[in-house]
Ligand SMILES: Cc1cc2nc3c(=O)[nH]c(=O)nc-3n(C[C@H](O)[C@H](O)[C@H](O)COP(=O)(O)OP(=O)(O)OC[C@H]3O[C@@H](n4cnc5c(N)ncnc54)[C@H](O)[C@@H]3O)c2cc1C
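Here's a solo chain for you in structure tokens, the form predicted alone.
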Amino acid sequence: MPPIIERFLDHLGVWEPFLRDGHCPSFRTASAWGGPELISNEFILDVHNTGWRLDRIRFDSMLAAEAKNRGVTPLPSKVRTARYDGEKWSVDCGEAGMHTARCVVDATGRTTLLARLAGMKPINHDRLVASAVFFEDSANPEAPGADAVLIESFRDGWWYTAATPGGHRVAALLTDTDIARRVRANRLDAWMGCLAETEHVRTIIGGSRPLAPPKLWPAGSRFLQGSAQPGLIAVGDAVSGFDPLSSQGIIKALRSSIFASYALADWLLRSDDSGFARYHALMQREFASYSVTLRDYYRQEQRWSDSPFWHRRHIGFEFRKS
């Protein structure tokens, strides 16, 4: 997470619990993008000057515990159906029973479950997928960029690697789904073959032992389209998905949730639903701005403009329903 995360966690009153959890501070990123040289971006120039490499399970557990302490009652079940009758929502939570509410928040991530049940559809702007492998240790600590979050582009996409708080290292190949199938990014031997095409990431990994075969996650840009019904609001990856290149996923989720809470307060306290439209317009503007920045950053890499991955990003993104 970039240094600006402190502002959001402090706003939510969870900055001190976050610090107590012992996440790894990070002071720079490094990238080989647009050329073979490794360029460093120091966080010391940022007003908060410290980024973080998370123990994600511990981070999510802390947020859930803080929410529970403030009155949230967790229901250990999945939503089966959600219907709006003009006044309230009826939500079938399976074994957790049927519940009614004036409003519901879709925080189901890329599954976008509640919004889909309400007739909304996410629009995919590309087909990016991440194929990640964890290694048994932090690999070669003397390699250039080993202390940083490192990004390196190559012909079929780009790579990400970072040491994790548990003493391991993660490395991920980012490419499009069709290319991932072609290079067999789900197979460890083929994945290691792609790794060999890199300069900086493979040097950092060195002879470290992979802990498991590659695991694939969707990582593309997407935005939720359609007219929402009153009392339904989507946050985080349910409303928009950002390319991991932006390093904005958690920041975006927290920011959207904070703004969504203002719209919900207007609806619950004053029966004013105008905040829902303002919120959705804000999310659209945010995504439009992000898309321009992402396009410009991808266009900085011109070494493989004949490659399908880079050609797609140089001419613009697709728009397809999920």
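All residue numbers refer to positions in the sequence shown, first residue = 1. All of these numbers come straight from a predicted model, not from anything done at the bench.
Another form, the form predicted together with the ligand, is not on view; read the next lines as being about it.
Engineer: Report yes if all three of Lys78, Trp217 and Val235 come within 4.5 Å of the ligand in the model of the complex by some heavy atom, otherwise no.
Structural biologist: Yes, all three are in contact.
Engineer: Which single stretch, out of 243-251, 82-90, 138-146, 191-199, brings residue heavy atoms within 4.5 Å of the ligand in the model of the complex?
Structural biologist: That would be stretch 243-251.
Engineer: Can you check whether Ala130 is within 4.5 Å of the ligand in the model of the complex, heavy atom basis?
Structural biologist: Yes, Ala130 is a contact residue.
Engineer: Is Phe154 close enough to touch the ligand in the model of the complex, meaning at least one heavy atom pair within 4.5 Å?
Structural biologist: So Phe154 does not count as contacting the ligand.
Engineer: Gly94 versus the ligand, in the model of the complex: is there a non-hydrogen atom within 4.5 Å?
Structural biologist: Flag for Gly94 set to no.
Engineer: So, in the model of the complex, is Trp159 in contact with the ligand at a 4.5 angstroms heavy atom limit?
Structural biologist: Taking the distances in the model of the complex, the answer for Trp159 is no, it never comes within 4.5 Å of the ligand.
Engineer: In the model of the complex, which of the listed residues (Thr164, Ser208, Thr111, Thr203) lies with a heavy atom within 4.5 Å of the ligand?
Structural biologist: None of the other options qualify; the answer is Thr111.
Engineer: Can you pick out, from Arg56, Arg270, Arg285, Arg70, the residue that has a heavy atom within 4.5 Å of the ligand in the model of the complex?
Structural biologist: That would be Arg56.
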